[in-house]
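Below you will find one chain, with nothing else, as structure tokens; this is the form predicted on its own, and questions on how it binds or moves follow later.
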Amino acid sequence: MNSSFTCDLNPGRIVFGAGSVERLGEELQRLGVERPLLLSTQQQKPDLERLAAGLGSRCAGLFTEAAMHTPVSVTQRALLAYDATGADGVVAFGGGSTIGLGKAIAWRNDARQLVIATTYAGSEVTPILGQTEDGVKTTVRDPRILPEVVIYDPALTLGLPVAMSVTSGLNAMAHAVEALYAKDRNPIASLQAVEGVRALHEALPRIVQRPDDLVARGQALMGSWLCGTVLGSVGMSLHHKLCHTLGGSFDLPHAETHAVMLPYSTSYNAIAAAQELKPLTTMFGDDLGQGLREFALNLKAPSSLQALGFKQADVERAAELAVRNPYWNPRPVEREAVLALLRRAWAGEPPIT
């Protein structure tokens, strides 16, 4: 690593700790938002209604149609609701789907955003928007996309099912792994990446054993915050290109796809980025891809694309899409090598370098 470097550190305000959701009204006032539109998925509507009740007449309205991969059609409906209710900001309550919707609104109308994160997605601290239209997922990076305030309340994650906690945490880890070998990596982002992985490596097994462990839940949120921060600070590589392809073009679930693909993409780059990835071997062993796979298997995470409903007949098509306009990667992105990777990931076979 060079002694001289340039890096962008994400601005924003973090409110962290059990019970911090009670400061929502105070934080909205600080942000200058008088009539927020509250966002969630349909599944989290009851939680959103309780949040709205606490705000009383200050709440402009609710929009509960957030969906995976941030479909542009959903964003357009949300923008209509934003205008119709006279909202002057958004509160996104939930994980990556809802956070993505808030970002999509803000990117279009410059709305001020407050996020109440209830998963370990990390999207809440990035200026990146991934959205899907006509079966293609694209990403946009813009300072307007970054939320101004994030509330991390570990108590709100106690209801997050263990399986979802695991895949969400592995999704966060994937950001950090790729940050370590990013083309524009820097010492600060690398430190954040390693510590983010370390926090999740310690927290996720404890959450599996005791889902009500509030300390472990807080540690997982801290890890996801760090991993999300590096996602917003440096570029991503093959892993994220593969997951964007599988999610945007084949509608595979976001966090689960990241969880399945992480060992395979890591093994693909293991030799080319051996020095950069070395700090993680103290946690997962010298064969990093296999170590990540064993870690995920012990947490009972999904271990194959087949288990997520991906069809074997679509493997070649996915490989073709993934090598088009590839992200920078430490190892050349070659169709046959990517195809072999996807075939092993489909079957759940051990990754190979």
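One rule holds for the numbers: they count along the sequence shown, beginning at 1. Predicted, not measured: the structure shown is a model, and the values here were computed from it.
Omitted from view is the form predicted in complex with ligand NAD, to which the following refers.
S.K.: So, in the model of the complex, is residue 29 in contact with ligand NAD at a 4.5 angstroms heavy atom limit?
M.R.: No.
S.K.: So in the model of the complex, is ligand NAD close enough to residue 312 to count as touching (4.5 Å, heavy atoms)?
M.R.: Residue 312: no, not in contact with ligand NAD in the model of the complex.
S.K.: Find out whether any non-hydrogen atom of residue 157 is located within 4.5 angstroms of ligand NAD in the model of the complex, and reply yes or no.
M.R.: Close contact exists here: in the model of the complex, residue 157 approaches ligand NAD to within 4.5 Å, heavy atoms only.
S.K.: At 4.5 Å between heavy atoms, is residue 69 in contact with ligand NAD in the model of the complex?
M.R.: Although ligand NAD is absent here, residue 69 would touch it in the model of the complex, with heavy atoms inside 4.5 Å.
S.K.: Work out which of the listed stretches, 82-90, 205-213, 115-123, 273-281, brings a heavy atom within 4.5 angstroms of ligand NAD in the model of the complex.
M.R.: Every other range fails; the passing one is 115-123.
S.K.: Using heavy atoms only and a 4.5 Å cut-off, determine which of 161, 187, 135, 143 is in contact with ligand NAD in the model of the complex.
M.R.: If I apply the 4.5 Å criterion carefully, the residue I get is 161.
S.K.: Tell me, out of 223, 147, 95, 263, which residue has a non-hydrogen atom within 4.5 angstroms of ligand NAD in the model of the complex.
M.R.: Among 223, 147, 95, 263, a heavy atom within 4.5 Å of ligand NAD in the model of the complex occurs only for 95.
S.K.: For the stretch 37-73, which residues lie within 4.5 Å of ligand NAD in the model of the complex by non-hydrogen atom distance?
M.R.: Residues within 4.5 Å: 41, 43, 44, 68, 69.
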